[in-house]
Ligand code: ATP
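One chain comes next, on its own, written out as structure tokens in the form predicted on its own.
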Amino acid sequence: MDMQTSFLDRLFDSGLLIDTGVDGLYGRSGQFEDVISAFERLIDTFGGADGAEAIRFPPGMNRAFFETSGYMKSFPQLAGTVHSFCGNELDHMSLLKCMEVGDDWTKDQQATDIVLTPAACYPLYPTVAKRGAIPENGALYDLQSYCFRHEPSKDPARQQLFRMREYVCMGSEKHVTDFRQSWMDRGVEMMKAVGLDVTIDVANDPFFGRAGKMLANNQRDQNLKFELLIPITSVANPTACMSFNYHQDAFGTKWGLNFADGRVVHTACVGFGLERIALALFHTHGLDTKEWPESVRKALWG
């Protein structure tokens, strides 16, 4: 049995994760949630004084905004849409008949106005754009949401529905790149406080198809994306538990985010994969939080 399966099995056996019969879709125990809550408090300790505006969106977003975002150009393989039954009584009868005989009852489902949120910050940009000009000294937002990515996997660190905590910064190029750098430093410091060995490396998103390879190379060459990596299921391929992204003025242009004088704002975001961080902690320190090193318990629970 490979390490990956066995870590997932150990998580199931200990009750920390609950098997639903679908890869990447898990229940979480109280102990698992307690670790996530504690880590989020640690995030607040590091970022709380920055004065970010907290906004919480649900895990579904406006389909029109999703379409504008261009997500389907880059990651069609990861997107999840919400479809519903929109038929009449006759259609309902034939749907039930399909179910009865084991045929595909979903084929006549129609797309709704809701798409599953692919990253916590996606609903933010159109929301902020609607408010008008960005202040000259920039703007900062604190987000947390369940996100969906369609990549079924036996790797417990690659879930289909997972939580992302994010800070998003809008402002001048210098303002947002300084923000990103400060969080890279904080990220290393936070992980050290909870006893996790990390490396930071330049990275790229999983852009789809041949054209995507160019986008990925471009993203790497320009150092637009860095990841904080922690070994969870493999030492050779550590898992990205934080990402630090500089969008240049791409989102500013796309969503019409401008300063009062019309200049386009630059944006950057830092994301925490909350389940991944919890898994890294359980993998490193053991499956019972009571047995974790005193310094780690102190950092998380005081």
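All values derive from a computational prediction rather than experimental measurement. Note that residue numbering follows the sequence shown and begins at 1.
One more form of this protein should be noted, the form predicted in complex with adenosine-5'-triphosphate, which is absent from this view; the next part is about it.
Can you work out which of 61, 268, 242, 35 has a heavy atom no more than 4.5 Å from adenosine-5'-triphosphate in the predicted complex?
Residue within 4.5 Å of the partner: 242.
Within a 4.5 Å heavy atom cut-off, is residue 168 in contact with adenosine-5'-triphosphate in the predicted complex?
No, residue 168 stays farther than 4.5 Å from adenosine-5'-triphosphate in the predicted complex.
Look up in the predicted complex whether residue 252 has a non-hydrogen atom within 4.5 angstroms of adenosine-5'-triphosphate, and give yes or no.
Heavy-atom contact with adenosine-5'-triphosphate at 4.5 Å: absent for residue 252.
Applying a 4.5 Å heavy atom distance criterion, does residue 142 contact adenosine-5'-triphosphate in the predicted complex?
Outside the cut-off, so no.
Is it the case that residue 276, even though its partner is missing from this view, gets within 4.5 Å of adenosine-5'-triphosphate in the predicted complex, heavy atoms only?
Answer yes; at least one heavy atom of residue 276 falls within 4.5 Å of adenosine-5'-triphosphate in the predicted complex.
To test your reading of this chain, name the stretch in 128-136, 153-161, 90-98, 170-178 whose heavy atoms come within 4.5 Å of adenosine-5'-triphosphate in the predicted complex.
Stretch 153-161 is the one.
For the spot marked by 201, 220 and 247, is every residue within 4.5 Å of adenosine-5'-triphosphate in the predicted complex through some heavy atom?
No: none of 201, 220 and 247 comes within 4.5 Å of adenosine-5'-triphosphate in the predicted complex.
Using the arrangement in the predicted complex, list in sequence order the residues of 110-136 with any heavy atom within 4.5 angstroms of adenosine-5'-triphosphate.
Residues within 4.5 Å: none.
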